[in-house]
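Next up: a single chain in structure tokens, the form predicted alone.
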Amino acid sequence: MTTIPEHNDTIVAPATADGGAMCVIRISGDSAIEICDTMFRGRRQLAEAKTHTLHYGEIVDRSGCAVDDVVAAVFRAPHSYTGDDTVEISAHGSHYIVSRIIRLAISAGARMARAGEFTSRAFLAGRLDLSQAEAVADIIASDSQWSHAVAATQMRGGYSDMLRQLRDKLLRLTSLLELELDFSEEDVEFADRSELRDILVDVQHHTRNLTGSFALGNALKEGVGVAIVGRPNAGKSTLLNRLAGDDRAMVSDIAGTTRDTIEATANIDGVVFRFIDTAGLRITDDRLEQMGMERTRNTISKARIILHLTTPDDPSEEPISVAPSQQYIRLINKIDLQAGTADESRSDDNFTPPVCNRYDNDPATPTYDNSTDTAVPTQCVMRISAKCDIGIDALRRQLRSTIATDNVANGSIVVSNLRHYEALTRADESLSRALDALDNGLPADLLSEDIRQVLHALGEITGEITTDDILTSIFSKFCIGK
């Protein structure tokens, strides 16, 4: 079994990315300051420095030769990121300089840090709970305004505080239920059943709100999946290139050019969208095209938004199954080829296509899945020309409008971590069983067991209940130096 290493030694690693003008080398552990004093030369030794102070000096090797001019930041335990004595050395970003400083630290008694070891020490020292530690990794990986906002809210601890309050309520009542077991022969009730039911309902309300936010949180974290589908030569690859601002997909007049999915991303008003160009849907004997279309159907099932391209001369639609959670936008492409349409120089600046013409009552409009005979309840139709950049800005605005970020902007808690979502789902299932047990008058021991399952699931999120294997799995995904 892999275990989280004991942190009674001193570790070192670069805390910033390689190749920049400056680099921060972090040294943390019981001997961090002593090790730094073997190579740092300033006005005074770092051993004499107060916590949270900066010191200018130089790093020298064992022969006294200068390696680099640096600034050393001293953080004394327990008031540091890891809770240990820590020194952060800001040096020039030369790979040679950084390597020399790290080698000097190792020769003085430090060892190279493992991936995520600084943050795992912060967790073990109680500086962060597990959900906050995971948020550190999410902040580092965030590539948009809103994925950063979700991670920042989680790291500030509001999420952890909510879960802790819910656990405290359940713990108090669980202890009373278990006290009843000690007096089972006397048939007494220490836990008020009416109060217990109110608390279970309240906790379930909060857990369901959190699980309900996962679809948005995961989309903001991983990027909003947008499947571009339609018949061959509808302009899917041209649209992908236009939305991504890059020639990612090969474009030709030959039907069936795209035989596999091609992905590109674009940031629209702080939200990353993952556009997936798919193989055209049609009847064909070509085995490669058939394989591509199978991947297309798989992509459609996983996408959050479906862009369904047709053309003015072929407005018919292939049957596409759309789940209630998916957004469906039908695009009539190549309108530049229609008689009476302005020439190709026409741009979005002076053209406003009809956006979201919704028409639930038109029997000719809904698309149907042949297997389930389920109609798309509400559609959005837009007229565009991907080739001539007509209606593309309006399409970008429509895509952005499908992602509601008001709650994120207000600091509301949004779950973006799959591990948390799965734990919350288990908590919800246990809460439902506990409520059923309560309503059916089941004995305290069965009721207590269901509530303990809730406590266990919530505790897994914050790290109050965990295992070395889970911790190793989480922190191994961090970068070195964090």
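One-based numbering along the sequence shown. Owing to the predicted nature of the structure, the values given are computational and were not obtained by experimental measurement.
What comes next is about the form predicted together with a small molecule, which does not appear here.
- Residue-level contacts in the predicted complex: of Thr402, Thr405, Thr211, Asn233, one residue has a heavy atom within 4.5 Å of the small molecule, and it is Asn233.
- The partner is absent here; in the predicted complex, the one residue of Ala323, Met112, Val71, Leu337 having a heavy atom within 4.5 Å of the small molecule is Leu337.
- Heavy atoms of Ile101 never reach within 4.5 Å of the small molecule in the predicted complex, leaving it off the interface.
- In the predicted complex, Thr238 approaches the small molecule with a heavy atom inside 4.5 Å.
- Not displayed here, the small molecule is approached by Ala386 to within 4.5 Å at the level of heavy atoms in the predicted complex.
- Thr82 falls outside the set of residues with a heavy atom inside 4.5 Å of the small molecule in the predicted complex.
- Heavy atoms within 4.5 Å of the small molecule in the predicted complex map, among the stretches 266-274, 141-149, 327-335, 155-163, onto 327-335 alone.
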